[in-house]
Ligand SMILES: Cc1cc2nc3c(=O)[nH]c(=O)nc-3n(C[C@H](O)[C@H](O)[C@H](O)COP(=O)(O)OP(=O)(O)OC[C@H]3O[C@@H](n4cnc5c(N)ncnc54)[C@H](O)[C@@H]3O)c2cc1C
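Okay, so here's just one chain, in structure tokens, the form predicted on its own.
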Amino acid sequence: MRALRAAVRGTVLTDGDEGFEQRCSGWNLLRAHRPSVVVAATGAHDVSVAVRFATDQGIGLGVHATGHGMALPVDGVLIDTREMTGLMVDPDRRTATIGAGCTWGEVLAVTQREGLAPLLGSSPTVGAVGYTLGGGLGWLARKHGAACDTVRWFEVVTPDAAVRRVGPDEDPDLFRGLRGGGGAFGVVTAMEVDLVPVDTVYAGNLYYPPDRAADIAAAFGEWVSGVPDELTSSFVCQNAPPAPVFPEQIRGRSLVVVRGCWSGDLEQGEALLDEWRSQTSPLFDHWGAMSFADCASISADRIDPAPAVVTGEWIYRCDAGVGRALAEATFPVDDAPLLVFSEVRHLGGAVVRGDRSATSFGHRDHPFFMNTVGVSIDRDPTPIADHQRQMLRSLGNAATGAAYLNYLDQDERRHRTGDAFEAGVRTRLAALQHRHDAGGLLRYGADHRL
């Protein structure tokens, strides 16, 4: 420990040290890490030192950034990347170099000053690197693709403690594995991504009564089958908490929602939404022109830490049956576990056209992805997880059985990793993980060999 503290430029903490508990906890309060030692790393050098220490001690090593997702709690060495907040934007090249501790909100705030945006998700508090390693499907996905498609290079510390820069010409196999295959092959300390020119969008939410879930879902499924790629949208059954992040009319209500983001010409976007409005007049209309810097307001995802239970599945269609299944599972009935929301996101477009040979992101061809989130007040995930699995079964032949790595959490992230990839990709990722981490140093995350 003395040698570790002397070699690390950041902070080394053990149980009882001030700040140790804070470093072990993240956004998702369902589980907390209980490591032997925390290394609050300031860069790749510190990560390399921590990797060598874990190897020498014969213990595992895990990574913690924002703590939105977790497979197994780390009981060995925990690398906390939150100090690694280096960020450099090149407006001429339309790129951003992002440290492993940066959240998407921090990146977006800087890039929007140049009229540019990364392919972030719906929540700005999510770590940019971890999100991108899992694929990344946000409000610009249909127009510009998955976040992993935009990566130019990664800086990664592999389990042999080597600091590597990997790209299409520098260890292309590892580069491809990291682009959508998760962090099972090393600790990513930085990445460079392409940015897209987006500043003002036409976006928001249209709200409907909960008893209209089936017909709104059916109409939505038909409508989006012909919309341009500039629109990424979703059908949602939502129980809005009484929180100020929601409009006053919405707080504390159960509602059906059609939400989305149009990233093209504003007049064309308004005309497209007017077409929808003419067929299905909403109770409340909160869709309009907005700065993309405010895109977090579209989903209004919870910012405060919570014991969240998350799952999802790619589905073949959005129709009345899907809408009915989501409504029955989501809206409060008797003593059924309460879900915060269940959402069907329309994809396709640039997601389908992405270069499959250059990334590991799976199941691009499916047109819809369904995800659901519950909050377990007593921190026992079992009732909510069982309820969510029953909801997936209720989708019947609309369900594909295919998962999305970023929406596999807790035990599911461990045991359903294979469901997030096609068979050939699974085999390749398992071989890559064995080649780089045969000893199982990174034993707390997604495991392609299971």
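One-based numbering along the sequence shown. Remember, it's a predicted structure, so these values are computed and weren't measured experimentally.
The same protein also exists as the form predicted together with the named molecule; that form is not shown, yet it is the one meant from here on.
Residue contact check for residue 347: none of its heavy atoms lie within 4.5 Å of the named molecule in the model of the complex. Though the partner is left out of this view, residue 70 does reach within 4.5 Å of the named molecule in the model of the complex, counting heavy atoms only.
Contact check for residue 204: every heavy atom lies farther than 4.5 Å from the named molecule in the model of the complex.
Though the partner is left out of this view, residue 127 does reach within 4.5 Å of the named molecule in the model of the complex, counting heavy atoms only. This chain is displayed alone, yet in the model of the complex one of 314, 235, 262, 131 has a heavy atom within 4.5 Å of the named molecule; that residue is 131. Taking a 4.5 Å heavy atom cutoff to the named molecule in the model of the complex, the contact residue among 145, 118, 186, 181 is 186. The putative spot formed by 95, 112 and 191 is not touched by the named molecule in the model of the complex; no residue has a non-hydrogen atom within 4.5 angstroms of it. For the named molecule in the model of the complex, the listed stretch (162-170, 135-143, 273-281, 314-322) containing residues with heavy atoms inside 4.5 Å is 135-143. In the model of the complex, the named molecule lies within 4.5 angstroms of at least one heavy atom of each of the following residues of 50-68: 63, 64, 65, 66, 67, 68, in sequence order.
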